[in-house]
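Consider the single chain below, provided in structure tokens and representing the form predicted alone.
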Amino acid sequence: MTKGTVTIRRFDPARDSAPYWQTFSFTFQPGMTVLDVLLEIYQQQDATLSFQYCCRNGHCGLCGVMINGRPGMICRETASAEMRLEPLANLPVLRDLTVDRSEQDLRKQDLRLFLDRAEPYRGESAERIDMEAFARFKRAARCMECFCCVAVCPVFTARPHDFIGPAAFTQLARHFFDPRDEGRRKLTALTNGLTACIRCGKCTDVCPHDAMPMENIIAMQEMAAKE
């Protein structure tokens, strides 16, 4: 039976003055996920360890953490015999690996993330839409807000108050590219820092569902520039 070790960044603001590292041993089995490791530790060694998960199938977006310095979803990432786990960067830490998503949720309220049109479609047949625009809409709709992209975005790190970040822009892109939408999406994107993106590609590189946040932002930049 192979033993593995995982070093976890711990922090409980109710009792700790500063974060610290704690190392655990676990039973390593090839093919197990990082979530399997954390569940073993939680159930058998330390029930105070805090982390988040829900669907266990890579679609709820709750289980993002930094795995060996790179953001990933613990239910999808394969464990290794030696690992280092930290909470997602660029988000406030509630406890251990659990981060506070509330600020991200609050900032989305100003983006009007719903189909915005003056009048509903009243045609007798299905509404016809531009398929190229619909393809962009579908790509952006893959985003599940795991915030892995936010954790690696250098612009969000430097300017979190005037750049809403790649996850929020991808959510906005769904409506930006929706040919049925009549909202002032270009103005909304520009006032939330659209032009600040440096096109480094780090967000797209870590996106677990290929929502391609950088490509969405570039497309929005180009469409906004035409006007």
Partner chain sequence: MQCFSVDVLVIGGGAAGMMAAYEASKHSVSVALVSKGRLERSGCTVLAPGAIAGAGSWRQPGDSPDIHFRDTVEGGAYLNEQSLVRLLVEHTPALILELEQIGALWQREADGETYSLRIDGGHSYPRCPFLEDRTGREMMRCLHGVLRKRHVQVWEDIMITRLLLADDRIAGAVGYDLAHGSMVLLRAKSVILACGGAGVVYQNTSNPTDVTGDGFALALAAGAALMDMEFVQFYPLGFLFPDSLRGALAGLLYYVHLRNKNGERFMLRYDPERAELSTRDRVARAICNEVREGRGGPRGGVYIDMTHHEPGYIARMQPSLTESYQKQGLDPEKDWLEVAPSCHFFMGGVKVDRNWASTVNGLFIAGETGAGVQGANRLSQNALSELLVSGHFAGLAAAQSASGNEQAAFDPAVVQQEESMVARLLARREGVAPGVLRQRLRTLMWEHAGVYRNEHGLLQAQEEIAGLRRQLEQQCLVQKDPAWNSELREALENYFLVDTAACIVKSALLRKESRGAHFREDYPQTDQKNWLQHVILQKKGDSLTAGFAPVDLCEIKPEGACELA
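What you see is a predicted model, and the numbers here were worked out from it, not measured in a lab. Basically, rigid core = biggest C-alpha set you can superpose within 1.5 Å across the two forms. Positions refer to the first chain, counted from 1.
The form predicted in complex with its partner chain exists for this protein as well; it is not shown, and the discussion that follows is about that form.
K.L.:
Would its partner chain in the predicted bound form be within 4.5 angstroms of a non-hydrogen atom of every residue among Gly31, Ala141 and Gln171?
P.N.:
Heavy-atom distance to its partner chain in the predicted bound form: all three under 4.5 Å.
K.L.:
Can you pick the one in His59, Arg159, Arg70, Arg199 that has a heavy atom within 4.5 Å of its partner chain in the predicted bound form?
P.N.:
Result of the distance check: His59.
K.L.:
If you check in the predicted bound form, is Pro92 within 4.5 Å of its partner chain, heavy atoms only?
P.N.:
Contact check for Pro92: no, nothing within 4.5 Å of its partner chain in the predicted bound form.
K.L.:
Check Arg107 for me: does it contact its partner chain in the predicted bound form (non-hydrogen atoms, 4.5 angstroms)?
P.N.:
Arg107: no contact with its partner chain in the predicted bound form.
K.L.:
Please determine whether Asp205 contacts its partner chain in the predicted bound form, using a 4.5 Å cut-off between heavy atoms.
P.N.:
Result no; Asp205 lies far from its partner chain in the predicted bound form.
K.L.:
Even though its partner chain is not shown here, does Leu194 get within 4.5 Å of it in the predicted bound form, heavy atoms only?
P.N.:
So Leu194 does not count as contacting its partner chain.
K.L.:
Return yes or no for Glu119: a CA shift of at least 2 Å between this form and the one not shown, with the rigid core superposed?
P.N.:
It does not reach a 2 Å shift.
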